[in-house]
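Consider the single chain below, provided in structure tokens and representing the form predicted on its own.
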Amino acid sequence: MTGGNQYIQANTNGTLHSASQPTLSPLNRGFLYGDAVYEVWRSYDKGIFAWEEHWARLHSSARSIHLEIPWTADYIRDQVCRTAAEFRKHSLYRDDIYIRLQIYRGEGAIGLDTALSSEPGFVILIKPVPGISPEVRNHGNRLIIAQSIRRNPVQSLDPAWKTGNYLNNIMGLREARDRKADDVLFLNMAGELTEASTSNVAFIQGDRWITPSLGSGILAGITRATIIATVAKSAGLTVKERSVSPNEINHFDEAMLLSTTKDVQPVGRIDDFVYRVDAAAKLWRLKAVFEDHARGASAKRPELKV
């Protein structure tokens, strides 16, 4: 079959198939309107990390859009394990994997009214975890502060909800690509820094690890929360959550992106300001401590082996 870097395994409502095989109706509300919620997990040493934390956030997102999830965590976990086993069978890939679960409201007649939808459905996608490129490892990501678009206001479509509506993120990333950057850094309507297109952001100033507060209008990232709870202290850093002005970007020593698939990844530049990414940068210590924590936590959960 295809190699591990190309093949993506899918599971649509319990049916295993290649992701290249279409299975959803054109009347699917996730497709038509982004009327869906999702979560992404990854494995460390083949153990799913932070299963419960992501599952709880999935339910929080679903409650926010009045979507009832009819399956238990155990049922979906079993489906994830089935899908992972099928992925390894077809791809012969043996390293750590990326797991995406999307739950859509249903299908039905065309129209925005949620009463038109049938019962919810799910899709699981599994592929290899994206690695960090030598270019990013050596020089860091290049970010730009978005000029053409702002982050969704909390009062409109709260960025804390992980929904299938991603157009704000797409348009921001498009601006980054047009300006020859790797990713975008959004401002909120108050002009404060928030997050990147698919990642939280944080900075190091001396021994302080600084990240925009949830009140700035960001996703409550699992990686971010883990660093705040335990990892930063173990890495010798003091956490500060607060609003961050774009005028401060030249005051920080280091910058980083935080996400499930990236864990901690260096930022080398925001607009014209350059950050430290060499071997002595403190973010590498933070990344190592986070990975050790994730591996240790995953090793304690044999039922989550994939």
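Note that residue numbering follows the sequence shown and begins at 1. These figures come from a predicted structure and were not determined experimentally.
Although not depicted, the form predicted in complex with a small molecule is the subject of the following passage.
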**Complete:** In contact with the small molecule in the model of the complex (heavy atoms, 4.5 Å), from 137-145, 174-182, 102-110, 220-228, is stretch 220-228
**Contact residue in the model of the complex, chosen from Ile126, Ala232, Ile204, Ala196 - any heavy atom within 4.5 Å of the small molecule** = Ala196
**Item:** Among the candidates Lys240, Lys46, Arg276, Arg57, the residue which, in the model of the complex, approaches the small molecule to within 4.5 Å (heavy atoms)
**Value:** Arg57
**Message:** Within 4.5 Å, heavy atoms only: does Thr260 come near the small molecule in the model of the complex?
**Reply:** yes
**Message:** Is Ser216 part of the interface with the small molecule in the model of the complex - any heavy atom within 4.5 Å?
**Reply:** no
**Message:** Against the small molecule in the model of the complex, would Val40 count as a contact residue? Criterion: heavy atoms within 4.5 Å.
**Reply:** yes
**Asked** Heavy atom to heavy atom, is Ser117 within 4.5 Å of the small molecule in the model of the complex?
**Response** no
